[in-house]
Each structure stands twice: as C-alpha cells, then as structure tokens.
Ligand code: HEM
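Next up: a single chain in structure tokens, the form predicted on its own.
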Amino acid sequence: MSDTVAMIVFVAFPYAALTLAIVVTVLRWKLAPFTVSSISSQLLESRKLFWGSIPFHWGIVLILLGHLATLFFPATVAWWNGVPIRLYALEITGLALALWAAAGLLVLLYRRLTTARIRAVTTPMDLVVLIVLAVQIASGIWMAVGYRFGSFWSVGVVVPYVWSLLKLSPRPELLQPFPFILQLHVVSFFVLVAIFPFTRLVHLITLPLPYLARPWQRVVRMRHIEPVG
C-alpha cells in the first residue's frame, strides 16, 4: 500500500467518519429526537430475536470492553499477557465471544431475510449495518485464528495508531505493513462509525433520563367494533 493510499484510508477516512458521526448524531438528536430509537420488532417476531439478540449484543459488548481495556490500559494488558497461560486464556475467551456474537448475528440476519413481517419493515440501511458488522466480526475471527495473539501485538501497533489519531498526529505507517485482514478490520470499524448516525444503532446514545423531559406521546388503542344489525 502506497503512502498516499495509506493517508486516505487510515487518516482522512477515519477523521471524516468521526466528524460525520458526531455532527449528524447531534443534528438528528436535536431535529428528530423521536427517530433516535431502535424501533423494536419484538411484537412482529420474538423467538428468533431472542436467540439472535442475546448472544450478539452480549458478545459485542464484552468484546468492545476488551478493546477499550487494551486502548486505555495497554501496560496492564501487556503485563497480563506476560504469562503464557493468561495469554491463552484471554485469546480463547476473545475468540469464543466473537463466535458467540457471530452466531447471534447470523440468526438476526436469517430472521430479517426469512420472516415476512420483519422483511416488510427492513430498510436497506438495516442490511448494510448487518453486512458491515458481519465483516467486522468475521475479520476479527480470521485474525484470532490466522494471526494469533492479537491481544499481545495490538498493544504495540493498533493502540499507538488509535492514540495517534486522537492526538491529531496520525501514524498510518503503523498499519501499512500489516496483513490485509487487519487493515480490513480497522477500516470496517470506521465504516460502521460513519454510518452510525444514519441507522438504528444511534439508539446506543440514549439514556433513560431524557425521556423524563421530552414531549408527551399520545398512544391510541385500537378497538374492534362489532357491526350493528
């Protein structure tokens, strides 16, 4: 990968994605607050939703917490991985969580494609999100299997790269020599960040407190009226 391409892919695009995510999310929150919702489809179908949503959400959340721990406490993670048995335990746990999340995502994708009532309310962006998430998880699993001990080498490569972006002194050269699958994993994350404010994922920013101050919603219950005569 040339230096120019690396600057576009690992510098310009991440900054554009982050800017887009922040600006559009704020505008959506201010101008269309009632659209900041997951728009639950549980009433349309709940069985497959349960078996897909639980493993997917818990798997993703725990993996994300692990990534954040590596980002904010790299020295602690490096110390933990200094003992082989602990390194193996962490790697196996991460892979298991990724497989768990992948299984849940496959169920959710199958549900959207095969359940008529869910397919009727599915938007193109819903499918885009699922595909990007699938790429993100699949590339993570691929790295865990094909390029092992990611929790070890990421401390010296990915963590410095992310912090270089946050400090506004980007170092794309850190990722240039690495395999395509790692680069894909990083880029797909920023794709997810870029489309975040345009999807139902934006409900992740909501907290219970704002609902106490928002305008009233009037819910009308439909009743079946028997014909007269």
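Bear in mind the structure is a predicted one, so any value in this text is a computation, not a measurement. Throughout, we count residues from 1 along the sequence that is shown.
As for the form predicted in complex with the named molecule, it is not shown, yet the points below apply to it.
Contact check at 4.5 Å (heavy atoms) against the named molecule in the predicted complex: none of Ala16, Glu173 and Ala194 pass. Under a 4.5 angstroms non-hydrogen atom cutoff, the named molecule in the predicted complex has Ile141 among its neighbouring residues. Although the partner is absent here, Ala103 lies well away from the named molecule in the predicted complex, with no heavy atom inside 4.5 Å.
Taking the partner from elsewhere, Phe73 is found to have every heavy atom lying beyond 4.5 Å of the named molecule in the predicted complex. For Val77, no non-hydrogen atom is located within 4.5 Å of the named molecule in the predicted complex, even though that partner is not displayed.
For the stretch 53 to 72, the set of residues having any non-hydrogen atom within 4.5 angstroms of the named molecule in the predicted complex comprises Ile60, Ile63, Leu64, His67, in sequence order.
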